[in-house]
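Before any questions on how it binds or moves, here is one chain, the form predicted on its own, in structure tokens.
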């Protein structure tokens, strides 16, 4: 498939990237951000929501910091996979993303901002035209959602990034930069339950880095992933858990691959605070399962994926204790 024409901009600093974004916004031009390009470029080749301008963040060294308490959005997943400077849980999660070749290009920021996926959306332009489009890529036709018919107000495309669940379980904060300044928030607040909007990024903003508290080095974590093949595939479901050994109240759980957002499960943990034996861990994992809502837009059935959330969560907790 032919790549559509676009103008590529290559800033070398955060300030230059923000200035470029501001200029394009002021001139009424649409644009996308790109770093590794492992998600955006295939979508462009399929002519999915393309833009006339693309701003590359790959040349910004400020976004490549790597330590236990700070990871730049421009750090490649292959670096995380082998680094001894970050939390082991992030090494594990990074090593489960796609293939080794893709991990050499893909970045942490790109994985966090991964576009949501759906049977009806991630297809060629000819294929999508043959079904008269879908709500997320409607080409101006106002098409209905194909997963939940007869409505075009909510997209339920599934978020299938690997890193988010582990970042949630480690209590990560995310830093956003844009024309209106800098924003920081817990990473679970970054995502929005809408397969089209996906996250809280405002026009011209991009992810700069993720940070962690000093206590992160005390945490023990595990990430469990369901996928059709052992490599390459996106998660059909994923669950990450971490805690500070001996402190039941420190448990944090994040899930991914089920809905339009990854989820933090603080509420379920609060309701099952005494998760100190096999039965209570099972009850907690069942509560996590009940809190997620899968839809029929990935390879495996919603019922199976939802059931596996409990299994993956229980396995992750059993591993960390």
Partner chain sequence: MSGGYKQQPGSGGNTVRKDGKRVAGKLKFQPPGAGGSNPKMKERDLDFIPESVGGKEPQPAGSHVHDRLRTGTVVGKEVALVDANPKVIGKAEYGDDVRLGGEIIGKILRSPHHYAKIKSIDTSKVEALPGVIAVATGADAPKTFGVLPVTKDEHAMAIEKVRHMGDLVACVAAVDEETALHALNLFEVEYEILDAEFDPRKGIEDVDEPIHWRGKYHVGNTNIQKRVFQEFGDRSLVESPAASSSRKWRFEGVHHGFTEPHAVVAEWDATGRLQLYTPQQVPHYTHRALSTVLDVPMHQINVIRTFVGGGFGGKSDPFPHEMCAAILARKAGRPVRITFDREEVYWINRGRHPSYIEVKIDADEQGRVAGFDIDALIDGGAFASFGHVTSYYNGVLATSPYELGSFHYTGARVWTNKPASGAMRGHGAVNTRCAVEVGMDEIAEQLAVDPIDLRLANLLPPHCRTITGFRITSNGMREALTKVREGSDWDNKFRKLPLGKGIGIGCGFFISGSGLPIHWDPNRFPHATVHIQIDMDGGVTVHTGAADIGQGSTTAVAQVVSEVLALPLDMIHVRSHESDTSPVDLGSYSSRVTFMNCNAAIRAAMEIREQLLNAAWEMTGYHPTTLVLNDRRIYYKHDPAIGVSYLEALHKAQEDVGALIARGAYRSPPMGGVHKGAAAGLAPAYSFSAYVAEVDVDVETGIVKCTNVWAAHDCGKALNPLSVRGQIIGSCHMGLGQVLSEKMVYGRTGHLQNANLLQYQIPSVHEMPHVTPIIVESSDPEGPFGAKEAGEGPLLPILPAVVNAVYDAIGVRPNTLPLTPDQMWSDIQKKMKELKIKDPRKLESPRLEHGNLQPVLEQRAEEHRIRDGKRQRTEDTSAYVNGALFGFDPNIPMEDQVEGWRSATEPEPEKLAELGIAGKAWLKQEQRKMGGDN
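Residue numbers count along the first chain shown, from 1. Predicted, not measured: the structure shown is a model, and the values here were computed from it.
Just so you know, the form predicted together with the partner chain exists too; it's not on screen, but the next bit is about it.
J.: Only one of 230-238, 85-93, 212-220, 185-193 has heavy atoms within 4.5 Å of the partner chain in the predicted bound form; I'd like to know which.
T.: In short, 230-238.
J.: Can you work out whether residue 247 and the partner chain are in contact in the predicted bound form, taking contact to mean some heavy atom pair no more than 4.5 Å apart?
T.: Flag for residue 247 set to no.
J.: Do residue 151 and the partner chain come within 4.5 Å of each other in the predicted bound form, heavy atoms counted?
T.: Flag for residue 151 set to no.
J.: Given that the partner chain is not shown alongside this chain, does residue 123 nevertheless sit within 4.5 Å of it in the predicted bound form, heavy atom to heavy atom?
T.: Contact check for residue 123: yes, within 4.5 Å of the partner chain in the predicted bound form.
J.: Flag residue 46 as yes or no: does it have a non-hydrogen atom within 4.5 angstroms of any non-hydrogen atom of the partner chain in the predicted bound form?
T.: Because a heavy atom of residue 46 falls inside 4.5 Å of the partner chain in the predicted bound form, the answer is yes.
J.: Only one of 197, 203, 117, 104 has a non-hydrogen atom within 4.5 angstroms of the partner chain in the predicted bound form; which is it?
T.: Exactly one residue meets the criterion: 117.
J.: Of the options 113, 177, 170, 147, which one has a non-hydrogen atom that comes within 4.5 Å of the partner chain in the predicted bound form?
T.: Exactly one residue meets the criterion: 147.
J.: Please determine whether each residue of 226, 308 and 314 possesses a non-hydrogen atom within 4.5 angstroms of the partner chain in the predicted bound form.
T.: Yes, because 226, 308 and 314 each have a heavy atom that approaches the partner chain to within 4.5 Å in the predicted bound form.
J.: Which residues in 1-33 have a heavy atom within 4.5 Å of the partner chain in the predicted bound form?
T.: Those in contact are 1, 2.
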